[in-house]
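Next up is one chain by itself, shown in structure tokens, the form predicted on its own.
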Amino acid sequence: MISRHRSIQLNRQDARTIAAFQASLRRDESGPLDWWQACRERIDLREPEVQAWEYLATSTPEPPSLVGGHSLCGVPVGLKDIIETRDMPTSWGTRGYLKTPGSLVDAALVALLDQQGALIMGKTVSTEMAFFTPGKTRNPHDLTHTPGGSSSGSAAAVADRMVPLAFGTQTAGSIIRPASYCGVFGFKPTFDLISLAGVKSFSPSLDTLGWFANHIEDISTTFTALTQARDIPVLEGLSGVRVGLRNLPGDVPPGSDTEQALVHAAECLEQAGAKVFPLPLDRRYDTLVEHQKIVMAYEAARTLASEYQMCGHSMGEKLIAQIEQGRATPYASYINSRQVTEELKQAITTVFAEDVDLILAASSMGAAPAGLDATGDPLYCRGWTLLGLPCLNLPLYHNGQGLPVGVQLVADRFQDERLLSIARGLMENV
């Protein structure tokens, strides 16, 4: 049992940003394992209810070196259970029908995190093969509601303050949707910006590594640590920033909670100085949802060919249906979807160059649905994912039941720094 005094200390520790923790290390006010120990106590307290973890480190790590000024020194991190590590098992959300005790090498992401002094707390729960069959994780805001998926455990662990930073992947809406449901920042960078070496593939044209945090500053710090980009500045005032309001698809109205979240976000942007207006994208963009489904199914059937052949009898119905749909998808349909996507990638770049700096869009249909047998609909994420655009969930709104409802900001490809800079400027004014 954690004492009341210790709980208060945990809450104060959790309120820190990564940069603030690094500063406290330099001033010798904190030790390099302090955050790890605080998070581990939080996990011991909350994991029986939230169930965000598939595997936890069995021992306290060696203290990272304070020499070198690493950006993530002593920061506890969760990894989605499809990311390979040498010293932790991976089961790809399969609940045991596939499991490896460890990999020969770490995923590239894990090596980069280690170089920055991060401490891997464990593997967070994933849906089966990062598709739609839910794992055991519950939404920390209401344990009877889904946390979303497929990066279920990563979003829930950050939302419940078990770790300040956790990684997931997005193929349809697997970062943005759970970030919306769990009320945290979720960042999906430009496609292929962060190496997927050592991460289980589902659809190579779509899969993208991203991460969750409770502070926009921590999203930015992690970006610079992994890419060696310059520090992301806070945009001082959003005067002159053009924000177009457009969901994909535009012909399916969101629920009232999401409508309210979008209205609130637009008001926040305007109060910070931005100009917000409806963006009249033509209807070609609305077809991207169906094209994303075609690409995802076709590629998954081939990426998971061996697993399906070996373990098809053990797979969940949703995954089997996806693979069989992909096996039945004609090559000509797949190529057509890829060609349409390439055309619209070029077209959306023109839109960003001439009309908008960012797009404001729904992250999800509404708040996290009740029940644990599904992870919610990724409808409003599919098109942006197919275009390979960087997307950031903003946790700005809660509905009448206290459940979070996020919205996403979307930028053009390779404008990740601009997106994060504007978002930091916005959050300074919220």
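This one's a predicted model, so the numbers in the text were calculated from it and none came from an experiment. In this text, residue numbers run from 1 along the sequence as written.
What comes next is about the form predicted in complex with a further copy of the same chain, which is not displayed.
Partner proximity in the predicted complex, defined as non-hydrogen atoms within 4.5 angstroms of a further copy of the same chain, places exactly one of 159-167, 335-343, 265-273, 213-221 at the interface: 335-343. Residue 193 belongs to the set of residues with a heavy atom inside 4.5 Å of a further copy of the same chain in the predicted complex. Among residues of the shown chain, residue 327 is one whose heavy atoms approach a further copy of the same chain to within 4.5 Å in the predicted complex. Within 4.5 Å of any heavy atom of a further copy of the same chain in the predicted complex lies no heavy atom of residue 185. Using a 4.5 Å cutoff between non-hydrogen atoms, residue 315 does not count as a contact of a further copy of the same chain in the predicted complex. Only one of 119, 356, 226, 319 comes within 4.5 Å of a further copy of the same chain in the predicted complex through a heavy atom, and that residue is 226. With the partner omitted from this view, the residue of 136, 284, 302, 95 that lies near a further copy of the same chain in the predicted complex is 302 [heavy atom within 4.5 Å]. Taken together, the three residues 197, 201 and 417 all lie with some non-hydrogen atom within 4.5 angstroms of a further copy of the same chain in the predicted complex.
Contact residues in stretch 104-121 (any heavy atom within 4.5 Å of a further copy of the same chain, taken in the predicted complex) are 104, 105, 106, 107, 108, 111, 112, 114, 115.
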